[in-house]
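Only one chain comes next, encoded as structure tokens, the form predicted on its own.
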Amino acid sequence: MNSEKLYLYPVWLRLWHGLNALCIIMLILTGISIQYSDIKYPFIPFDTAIILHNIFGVIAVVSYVFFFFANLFTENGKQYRIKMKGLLQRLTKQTQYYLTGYFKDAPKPYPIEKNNKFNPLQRIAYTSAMYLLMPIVIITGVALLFPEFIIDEVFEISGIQITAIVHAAAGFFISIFFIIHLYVASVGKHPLKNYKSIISGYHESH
């Protein structure tokens, strides 16, 4: 079967994607080290982990602001718009493909197209991650950098503590999303095909 090459990922998107992935990896590693490392045998020395976490956090904020405005002014932003009409049916169809169709080599219900890079489940996941979880983790992260601006108490609970919990929870869900994203990207005719696409910019349909 002849393959068709689609140019899906412009240079700016590939550069942003690589930088964002690096930031997320570093924030996950340093975040885990800060939260769970044995103080005597830390995964990363505590002071170093704090410095790296703050540095990559600031880079992630700048990267996200760039992504946000780039999506406002380019066609890429349309990939994150969710049409509610028929959404449940589309989600059900895609879920059935992942559960059974994929293993029977059935055709994809929503193949990648120039104007439709994400299937319905991906669209929900990516939109939630980029427009819900990322803003939460950024706002709480910036607040923790400047704790003097955090409300002292909410219902007799430390505002800093609440902010830290929300930050950690959002970071946890982003970590889960990141792992699933890596797995789904490996699903296909060849496990590295999608990784090559985000480097070259071209997606091969077969």
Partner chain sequence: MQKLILILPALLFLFFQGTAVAQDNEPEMVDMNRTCFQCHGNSHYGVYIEMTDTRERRIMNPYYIVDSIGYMEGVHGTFACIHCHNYEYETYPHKASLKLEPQYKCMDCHGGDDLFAEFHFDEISEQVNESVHVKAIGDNFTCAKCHDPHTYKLIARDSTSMIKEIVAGNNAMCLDCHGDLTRYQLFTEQEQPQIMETHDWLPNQELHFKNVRCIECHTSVQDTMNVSHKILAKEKAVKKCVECHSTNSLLSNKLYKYKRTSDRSSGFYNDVILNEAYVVGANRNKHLNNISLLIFALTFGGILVHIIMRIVKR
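Numbering follows the first chain given and starts at 1. This is a predicted model, so every value here is computed, not measured.
Just so it is clear, the following notes concern the form predicted together with the partner chain, a form of the same protein that is not shown.
With the partner removed from view, the residue among 58, 70, 51, 145 that has a non-hydrogen atom within 4.5 Å of the partner chain in the model of the complex turns out to be 145. Only one of 98-106, 82-90, 114-122, 130-138 lies within 4.5 Å of the partner chain in the model of the complex by heavy atoms, and it is 98-106. Looking at residue 12, you'd find every heavy atom of it more than 4.5 angstroms from the partner chain in the model of the complex.
Contact annotation: residue 183 falls within 4.5 Å of the partner chain in the model of the complex, judged by heavy atom distances. The partner chain in the model of the complex is not approached by residue 66, whose heavy atoms all lie more than 4.5 angstroms from it. Taking the partner from elsewhere, residue 170 is found to have every heavy atom lying beyond 4.5 Å of the partner chain in the model of the complex. Contacts with the partner chain in the model of the complex, taken as any heavy atom within 4.5 Å, map within 137-163 to 145, 147, 148, 152, 156, 157, 158, 160, 161.
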